[in-house]
Each structure stands twice: as C-alpha cells, then as structure tokens.
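Before any questions on binding or motion, here is one chain by itself as structure tokens, the form predicted on its own.
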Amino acid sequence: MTMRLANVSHRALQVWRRNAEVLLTTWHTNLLPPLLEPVFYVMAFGYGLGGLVEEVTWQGQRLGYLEFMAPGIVAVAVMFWAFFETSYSTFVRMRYQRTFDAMLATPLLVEDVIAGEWLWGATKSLFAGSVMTVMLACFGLVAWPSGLWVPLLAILGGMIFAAMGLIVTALSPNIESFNLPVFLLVFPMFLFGGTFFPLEQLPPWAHNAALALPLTHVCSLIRGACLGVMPPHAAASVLYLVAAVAVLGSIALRRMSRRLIP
C-alpha cells in the first residue's frame, strides 16, 4: 500500500486536466443543475413543506425550516456530485470508452489515473457546493464570513464520497450493479444524514447510527458554516472526516489498482 501511494505523482493532475477539458466543452449543461437545484429545493421544501413545518429546534435554538434545510441540500450535492462522478462516470470511462486503457499507454501509472479521478470527483463537489452556496446566499440563507468555510468542507466531503464511488466502481462487475450501493448506502445517507430534519427527532439507536454516516458530519459542519454557528463536537466531526478520507482513499487506491491491473 505504501508503494502504491508513493507512485502517485504530479502526473495525476494530467488526468484531472483531461476531465476538466471535457467538462468545459459541456459547461452549460453542467452549470445548470447547481444553479437551479437549490431554487427547486427552496420552493418545494422551504416554502411548500416549510409552510407546514414553520420552525425546528436545532442545537437548542429555534430556526425557520427553510433556514435549517438549505445548508443540508448543499451537503447532499457534495455527496451526489462526487459519488456519481466516480461511480457511473468513472465506470463509463473505464469500461465503455476505454479511456483508462489509453491513459495507461502513456507514462501515466495506474496510481496516477486513480488519484486523478479521485481529485476530479472532489473538484465536482467543490464546484457544486460553491455554486449552490452562492445561489442560497441570494435568498439570504448564508451567513458571512462563516459561509466561506463551505468550499473547504465541500472538498473534504467530496474526497470521501469520491473515494466511496471509486470503491463501488472497483467492486462492480457491470453498471447495473450500482443500484445496490446507491440503495443501501447513498439513499440512507440522503434520508438520515440530517438534511431535512434534526437528528434529535430520531430514536436514540437511529440517532447513534446516523452519527456513523459521513454525510451527517458534512451536513452538520456545512449547516454551522451557513448559519454562522459552531456546531457542537465540530472538532470531532472534522477528525472523523479526515480519518475517513485517509481510510477510504487507501481502500479505493488498492481496489481500483487491482481492477485495472489484475
């Protein structure tokens, strides 16, 4: 494992650059979702559901439901954009487009290709999280200057979910197999990661289980940054996310290396 990490070099940035250049050719279609997604969420959940649930209690203080929910959709975007980029999109590049075969015919090592994909997944999270934060700020839902922490948190969370996507890609024999991890992993985090309701509403056992999910900690930190309130146990959440990056990143590098070079 140490040797694989040592093989990662600056050449990984060339993989990142290749994906960035592809994105720039379709920038208009990639920019539209993060621009409109928060607007749809605000209209549907903030004003629609928020009309029924006017206030919630979070960390001992009363918040309007829209004010509480808005940071959660940024955290969900961080998860979705990173995971689906390094699962479905990476699988297509690997299996159908044979992009990785072409890359490995160059001086790039397999570790460079994997690291480049990992960084690109985190970059997609940074892009989505930043654009959505700006859009929510237009609704007055982001406090400044604490909101400037959101891009950094998006990168940290993006590296976790991008690594998870690479692990799924390495273990999936075909693209239809992604349905299982999405249903068993991504969907539960979406529902129980603290996006749409405070975790304190859950039974104690479910609350404790939710604390094991990466999205729970990403959501808590991003919500604190958007509201200008330091969430309790923030340091523990950051340590959890840093440890998750190290562990999941190592697993992703090892498993993808075996997949590309049996």
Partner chain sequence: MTDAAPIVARHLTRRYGDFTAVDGIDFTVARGECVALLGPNGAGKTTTIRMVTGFCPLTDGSIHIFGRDIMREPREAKARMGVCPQEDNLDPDFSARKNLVVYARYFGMEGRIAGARADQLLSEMGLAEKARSAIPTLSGGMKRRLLLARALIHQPDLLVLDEPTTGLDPQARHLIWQRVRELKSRGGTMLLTTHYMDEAQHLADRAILMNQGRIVLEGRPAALIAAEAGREVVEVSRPDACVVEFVRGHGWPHEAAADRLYVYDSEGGRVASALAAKFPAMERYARPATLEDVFLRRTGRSLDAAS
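Residue numbers count along the first chain shown, from 1. Small disclaimer: the values here were computed from a predicted structure and weren't measured.
The next section is about a form of this same protein that is not shown, the form predicted together with its partner chain.
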Judged by heavy atoms and a 4.5 Å cut-off, are S9, Q14 and L108 together in contact with its partner chain in the model of the complex?
-> yes
Its partner chain contact in the model of the complex: V22, any heavy atom under 4.5 Å = yes
Please check if L104 has a heavy atom lying within 4.5 Å of any heavy atom of its partner chain in the model of the complex.
-> yes
Would R254 count as a contact of its partner chain in the model of the complex, using a 4.5 angstroms cut-off between non-hydrogen atoms?
-> no
Can E85 be called a contact residue for its partner chain in the model of the complex at 4.5 Å between heavy atoms?
-> no
The stretch from 160-168, 128-136, 92-100, 76-84 that lies within 4.5 Å of its partner chain in the model of the complex, judged by heavy atoms, is 92-100
